[in-house]
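A single chain comes next, written as structure tokens; it is the form predicted on its own.
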Amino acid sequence: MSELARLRTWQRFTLAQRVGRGLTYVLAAVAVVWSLRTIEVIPEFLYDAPEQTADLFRRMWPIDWSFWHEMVAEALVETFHTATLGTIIALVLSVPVALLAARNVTPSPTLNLVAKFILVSSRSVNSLIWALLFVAVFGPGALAGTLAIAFRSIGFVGKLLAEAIEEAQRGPLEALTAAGAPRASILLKGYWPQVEPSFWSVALFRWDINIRESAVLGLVGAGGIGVALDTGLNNLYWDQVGLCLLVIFLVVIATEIATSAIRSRII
């Protein structure tokens, strides 16, 4: 009877699984403690952080609305231009890379690796780092910001587009191939109708992200509203900083609503 009861005892995890989960929790706790000691958190700074934050927001009010005409309006338009043009350049450049990365379109392992290396290299470098590199080459301005947005976006768009191409159904492709259609027709008539919704969805999503990223590229001299924000920070004009932050916040919300509405119509 005791043996039967033992066999009927249900346990969610085996002994090995329980030991593994316990070790995972211990290692996570050790990592957190080690990280806190490494970054050298100063308790005294944490104690008055709420007071300092409240004081900072008090300095931002009332907002200096005159700064809108002086700098923010023009910088905001430049931000939109930077994000939009950078996204368009990224879409144009990411399509051939995605075709090379898709194994069902390009069966060469060497070309696949080269394309994936380009995609990984683009994603692994932050947009601010790209901006610093292009500012050093082309000087400060919107050109550096546009190229930073473009090169950062290639990896994101190219990876998702390559995955969408690889998931294309084989039926229409085999029918076009059997009919003797050239390769260009197979791409345009076989692959494109299947990946078009994903392509435009990714494009809108990346444009939304690029609006947010281009808003801070001006902190490193790459143009946009970040330049106005950096000017206010350097001069300690917190009422101007408050205006810049408010504008960025409203723009992000507006672009999120707009892209969501457009995507719902496309998909």
Partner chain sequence: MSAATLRTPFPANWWARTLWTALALYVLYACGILDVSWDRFVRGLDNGAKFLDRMFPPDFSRQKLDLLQVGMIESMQIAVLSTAAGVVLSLPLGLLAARNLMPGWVSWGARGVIALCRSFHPVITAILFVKAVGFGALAGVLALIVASMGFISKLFAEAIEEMNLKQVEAVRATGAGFFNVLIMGVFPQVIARFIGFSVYQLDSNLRNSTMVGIVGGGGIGATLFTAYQRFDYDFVLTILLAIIAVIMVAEIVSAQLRKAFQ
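Note that this is a predicted model, so its numbers are computed, not measured. Rigid core: the largest C-alpha set superposing within 1.5 Å between the two forms. Residue numbers count along the first chain shown, from 1.
Below: the form predicted in complex with its partner chain, not depicted.
Examine residue 63 and determine whether its closest non-hydrogen atom to its partner chain in the model of the complex is within 4.5 angstroms.
Although its partner chain is absent here, residue 63 would stay clear of it in the model of the complex, with no heavy atoms inside 4.5 Å.
Please check if residue 82 has a heavy atom lying within 4.5 Å of any heavy atom of its partner chain in the model of the complex.
Because a heavy atom of residue 82 falls inside 4.5 Å of its partner chain in the model of the complex, the answer is yes.
So in the model of the complex, does residue 168 come within 4.5 Å of its partner chain, heavy atom to heavy atom?
Residue 168 lies outside the contact set for its partner chain.
Is residue 115 one of the residues lying within 4.5 Å of its partner chain in the model of the complex, judged by heavy atom distances?
Result no; residue 115 lies far from its partner chain in the model of the complex.
Taking its partner chain in the model of the complex, which residues of 121 to 150 have any heavy atom within 4.5 Å of it?
The stretch 121 to 150, when checked against its partner chain in the model of the complex, contributes 121, 123, 124, 125, 126, 128, 129, 132, 133, 135, 136, 137, 138, 139, 140, 142, 143, 146, 147 at the 4.5 Å heavy-atom cut-off.
Please state whether residue 70 has a C-alpha shift of 2 Å or more between this form and the one not shown, with the rigid core used for the fit.
Shift of 2 Å or more: no.
Comparing between this form and the one not shown on the rigid core: C-alpha of residue 249 shifted by 2 Å or more?
It does not, since the residue 249 C-alpha is displaced less than 2 Å between this form and the one not shown after the core fit.
Against the rigid core, is the Cα displacement of residue 28 between this form and the one not shown at least 2 Å?
Comparing the forms between this form and the one not shown, which are aligned on their rigid core, residue 28 does shift its C-alpha by 2 Å or more.
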